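Encoded as C-alpha cells, the following chain is the form predicted on its own, with no partner shown.
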C-alpha cells in the first residue's frame, strides 16, 4: 500500500519527469511495499544520452561562477527539505532518523565544497623559449555514467553529481532501485535550482542491462561506480574494452588496530558507535579488531556490554540507535557468516541471531577469537558484525590488517606518535583514521587500493578525476 510520506519515484530525462512501470520498494522495518521504482527502457536511455550530450554543450561553457551559484542553490534547497528527506530515507533504507539527517547534511557539505572548488580547477603555464608558450588546461571530461549504491541513498549520488557538475560535466545517474527516493529528491533540488535541462539525468532499471547499454556508448567518457568488488571488476573490464577511465569505489573489510597504550573501555565504547552506524552497512565500517593482548579481555568485555545495550528498532522511533538491515540478502548473509564462525570455534559475546520474524532486524553481533579461515574474516560482512582477535605486537597487527586483498579504510587507536607513524607508513589502505572513525570528509580524497578500487572522490583529487588534461603549445613568433 502506498504511504503518503513516500514520494512518487520517476525517471528524470532532459529536464522532465517521467513515470513508468517497475519494481516495488520495500520498507525494511516491516517488509511492506511503500512505492514503485520505474525501469528505464532502451528508448529512455537513448533519450538520456542525447540529453546529456546536449546539456554538456551548455554546461561546460557556463562560467564557473554561474555553475557554483546553481549548485549551491540546490544544496540550500536540500537543507530546507532535510526533515522530509530524512523521513523518506528511513522508510526506504531503515537507518534511524538522526543518521538520515546527518547523511543529508553531509551530502550538502560535499556538494558545497565541490561547488566552490570547481572555481579553482587551475591549469598552468610551462616556461619555454622566446616565441613559444606551453599552456596546460584542465577541461571537463564529458558525459559521466554514474552508478550509486543503496546504503547511502542521498550522499553517495550527491558525491558523484557534485563532482561531475562542479567540473563542468553532464551526468547520467543510475541510482539504487532499492532506495531510490534519495536520488529523486537530490535531482529535484537541482531541477528546482534551475540546472539546465540535460545536464543531470536520473534512470533506474536492471543494473546489468543499464551498465551494458550505457558504458559502450561513445557519448559516455567516464564511469564512476560505488559498490561491490565483483560488480566493480565487471564494470572495469567493460570500461577497459572501450578505453574509458573509471572511478571504482569498491568494498572493504576495515581493520582496527588497538594498541595497549589506550583506555580499552573508552575505545570499546567509541568502537561500538562506529560499528553500529548504518547497521554496519558501510564500505568503511570497522570490522576486524586487532587488540594487543594486555588490554584484550577488558576491551572485548566492554565492547560486548556496549553492543548489547544498542537499541535496535524502526528508524522512525526516536529511541532507536540501530535500524534494520536494508534487505533480506543482508539478513541471510549475517546468519550464514555467524553460523560459519561459530562452527570454526569463534565465541559469540553479543547478538548472533535475527530479532523477531518481521522486518530485517539483526543485533550488533560480537565474535571473539575468530579463526583466520572463518568466512567472516575473509569476506566483507557489510552488516553489524564485529570480529575481535588478540595480537601480541604492533607488527602482528599490521600484518593481519594487510592480509586481505581489501584496502579501503583502516583505523588505529594509540597514544604513541611512533606507533601512529608506523601505522600510517605500513597499513595498506586509501584512508586511515587514527583515534577516530571518520573515514572521509568533503575536502579529503576518498578511495581504495588493491581490490578496493582506484580513482578518488572528494577533495581536489576527486574533482581532477572528472577532468582531462590538454597541453596547448603555441608558437607566437
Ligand code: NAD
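Model, not experiment: these values are computed from the prediction. Positions refer to the first chain, counted from 1.
Not on display, but discussed next: the form predicted together with this ligand.
J.: Answer with yes or no whether residue 251 is in contact with this ligand in the model of the complex, where contact means some heavy atom within 4.5 Å.
T.: Close contact exists here: in the model of the complex, residue 251 approaches this ligand to within 4.5 Å, heavy atoms only.
J.: With heavy atoms only and a cut-off of 4.5 Å, decide whether residue 148 touches this ligand in the model of the complex.
T.: Yes, residue 148 lies within 4.5 Å of this ligand in the model of the complex.
J.: If we define contact as a non-hydrogen atom of the residue within 4.5 angstroms of the partner, is residue 380 a contact of this ligand in the model of the complex?
T.: Because a heavy atom of residue 380 falls inside 4.5 Å of this ligand in the model of the complex, the answer is yes.
J.: Classify residue 228 as contacting or not contacting this ligand in the model of the complex by the rule of any non-hydrogen atom within 4.5 angstroms, answering yes or no.
T.: Yes, residue 228 sits close enough to this ligand in the model of the complex that at least one of its heavy atoms falls within 4.5 Å.
J.: Any chance all of 19, 83 and 191 sit within 4.5 Å of this ligand in the model of the complex, going by non-hydrogen atoms?
T.: So, no: the whole triplet misses this ligand.
J.: Which of these residues, 402, 246, 270, 211, gets a heavy atom within 4.5 Å of this ligand in the model of the complex?
T.: Looking at 402, 246, 270, 211 one by one, just 211 meets the 4.5 Å heavy-atom criterion.
J.: Please pick, from 353, 293, 135, 234, the one residue with any non-hydrogen atom lying within 4.5 angstroms of this ligand in the model of the complex.
T.: Only one listed residue qualifies here, and that residue is 234.
J.: Out of the stretches listed (96 to 104, 200 to 208, 253 to 261, 389 to 397), which one is close to this ligand in the model of the complex, meaning heavy atoms within 4.5 Å?
T.: Among the listed stretches, the partner-contacting one is 200 to 208.
J.: Could you pull out the residues of 322 to 339 that have any heavy atom within 4.5 Å of this ligand in the model of the complex?
T.: Residues within 4.5 Å: 329, 330.
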